[in-house]
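Below, in structure tokens: the form predicted alone, a single chain.
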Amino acid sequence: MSLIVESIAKRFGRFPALKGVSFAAPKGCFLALLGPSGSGKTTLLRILGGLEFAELGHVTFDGEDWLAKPARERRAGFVFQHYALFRHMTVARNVAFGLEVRGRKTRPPRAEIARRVEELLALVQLEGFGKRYPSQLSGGQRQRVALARALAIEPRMLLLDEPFGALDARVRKDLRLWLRELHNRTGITTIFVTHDQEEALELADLVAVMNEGRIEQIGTPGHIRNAPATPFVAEFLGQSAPAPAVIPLRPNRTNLHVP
């Protein structure tokens, strides 16, 4: 297992946001954190990215003490629901931002940054859009720019906080398929926060269902769908979950452990 989360706890005042969260996932896995608002999904994501600090617990990633690393050294790429693009910068400058703000010793040459930007715009299917501004793009295109910017730093971990929440249903569905294909091509360990059951079950290799700061169940989408471990999981999936079926696993799921 490449990502091991052990007994993570976090409080905001008297409110316990996380109550001893533990799980493990293999390297290159696409893990969905699924649950209602207030279940702790985003707090856990922000702890992994270094934007919040755990009060208790440990995280090991690729054999390293992940929480001991400063956020800037983790090389975690973030994508948020509302894009967080710089409106005064072109698409190319937005994508290049994470590389341009590096210290002099680690900053690539200008030509290398330009080459990397062109490669990423091609990867997210936005070739020729580099000179446009965010205001000239659709919502789906802006989210692709945000993903390209996150990928520009060559992240070891990609953290997605409800990235399709601001988009309409049709665009969400198209981008879900595209994101899964992108993950298959890059192989980056990806943590995806969502409250949308269909989204999690369609996209992820593993799904962790969260409730009130705890993980109720973790497993493959087929296992979660067909064998809910607690009444909460069964109720939360509800009518949004497709009828039980045998789901063919993707090739990169064959080495996953089903609880």
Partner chain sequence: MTPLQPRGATEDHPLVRIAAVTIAAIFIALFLVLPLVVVFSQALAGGWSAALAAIRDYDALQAIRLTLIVAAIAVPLNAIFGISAAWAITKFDFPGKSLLTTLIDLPFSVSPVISGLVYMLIFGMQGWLGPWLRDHDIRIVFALPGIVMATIFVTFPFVARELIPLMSDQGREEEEAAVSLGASGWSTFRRVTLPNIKWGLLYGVLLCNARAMGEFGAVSVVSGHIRGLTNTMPLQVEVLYNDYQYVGAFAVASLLALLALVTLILKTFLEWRYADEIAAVHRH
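Here the structure is a predicted model, which is why all the values come from computation and not from measurement. Positions refer to the first chain, counted from 1.
There is another form of the same protein, the form predicted together with the partner chain; it is not shown, and what comes next is about it.
**Q.** Residue among K131, H88, R170, R185 with a heavy atom within 4.5 Å of the partner chain in the predicted bound form
**A.** Contact with the partner chain in the predicted bound form is made by H88 alone.
Q | Residue (of E119, E112, D174, E100) lying close to the partner chain in the predicted bound form, criterion heavy atoms within 4.5 Å | A | Exactly one listed residue reaches within 4.5 Å, namely E100.
Q. So which stretch, 136-144, 70-78, 185-193, 120-128, is the one near the partner chain in the predicted bound form (non-hydrogen atoms, 4.5 Å)?
A. Within 4.5 Å of the partner lies stretch 70-78.
Q. H223 near the partner chain in the predicted bound form, any heavy atom under 4.5 Å?
A. Answer no; every heavy atom of H223 is more than 4.5 Å from the partner chain in the predicted bound form.
Q. Hey, in the predicted bound form, does L51 get a heavy atom within 4.5 angstroms of the partner chain?
A. So L51 counts as contacting the partner chain.
Q) Is there a heavy atom of R214 lying 4.5 Å or less from a heavy atom of the partner chain in the predicted bound form? A) It does not: once the partner chain is placed as it appears in the predicted bound form, R214 has no heavy atom within 4.5 Å of it.
(Q) Using a 4.5 angstroms cut-off on non-hydrogen atoms, would A150 count as touching the partner chain in the predicted bound form? (A) It does: once the partner chain is placed as it appears in the predicted bound form, A150 has a heavy atom within 4.5 Å of it.
Q: Kindly confirm or deny that R46, A84 and R93 each have some heavy atom within 4.5 angstroms of the partner chain in the predicted bound form.
A: Yes, all three are in contact.
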